[in-house]
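Single chain ahead, written as structure tokens, the form predicted on its own.
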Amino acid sequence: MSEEGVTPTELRRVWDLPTRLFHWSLATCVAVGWYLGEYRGFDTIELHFFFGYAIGGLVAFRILWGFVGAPASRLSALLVSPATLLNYLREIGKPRPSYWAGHAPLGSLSVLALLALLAVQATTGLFIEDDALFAGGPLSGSVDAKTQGTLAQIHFIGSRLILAMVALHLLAIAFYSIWKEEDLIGPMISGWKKVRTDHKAASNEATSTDAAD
């Protein structure tokens, strides 16, 4: 059900190309990295480390891009005031699109939480060892066995929290698609999204890095 008769909307370039490439690259690296870690063996443990390095690099890129990217990709756009979040929660259950210009408030908070979790995950992976497979992160020799054990436990718990965040992300996509009749996947592919014209925080065109796309 649409509210276009009440709230004016427009098709707007929201997600710039680097943000979209980051999104799909991170999704791939997290999925493959988790699988290689969960079902690791002598032939795959090094690949698990490789995808961990890739995730760390992607998170670092996203933080840097959060200062220079298109408005919707800025870290400042992910900071949500309590009033904005409360108003959003009052409307979230209504069966109509939100037409948010960028991430919705809950989505913004989930992005920040996921980036933090992945940063911790990539960092702890640098210091731990897998004694059963005689493999370890490049900095594992710089800490003692007790510290390695603590970091390994954090790494394990982090993997479960990341899985939970991914599951919530997929449920949110399904909820928006089925209940609110709003597509969240298409805009992250094309960059274009139908948004409310009164949402100005992310209303500017994408930066010149996306001009050729």
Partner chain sequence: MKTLVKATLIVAAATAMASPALSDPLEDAITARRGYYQVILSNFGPIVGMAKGAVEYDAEKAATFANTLQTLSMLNNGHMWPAGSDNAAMDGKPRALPKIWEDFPGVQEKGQAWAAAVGELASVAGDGLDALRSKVGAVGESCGACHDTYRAKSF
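The structure displayed is predicted, hence computed values, not measured ones. Residue numbers count along the first chain shown, from 1.
Beyond what is shown, the protein has a form predicted together with its partner chain; the following relates to that form.
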Proximity to its partner chain in the model of the complex, single hit among Leu109, Leu85, Ala116, Ala135 (heavy atom within 4.5 Å): Ala135
Region of this chain that lies against its partner chain in the model of the complex, out of 168-176, 25-33, 182-190, 150-158 [heavy atom, 4.5 Å]: 150-158
Residue contact check: Arg40 to its partner chain in the model of the complex, 4.5 Å heavy atom: yes
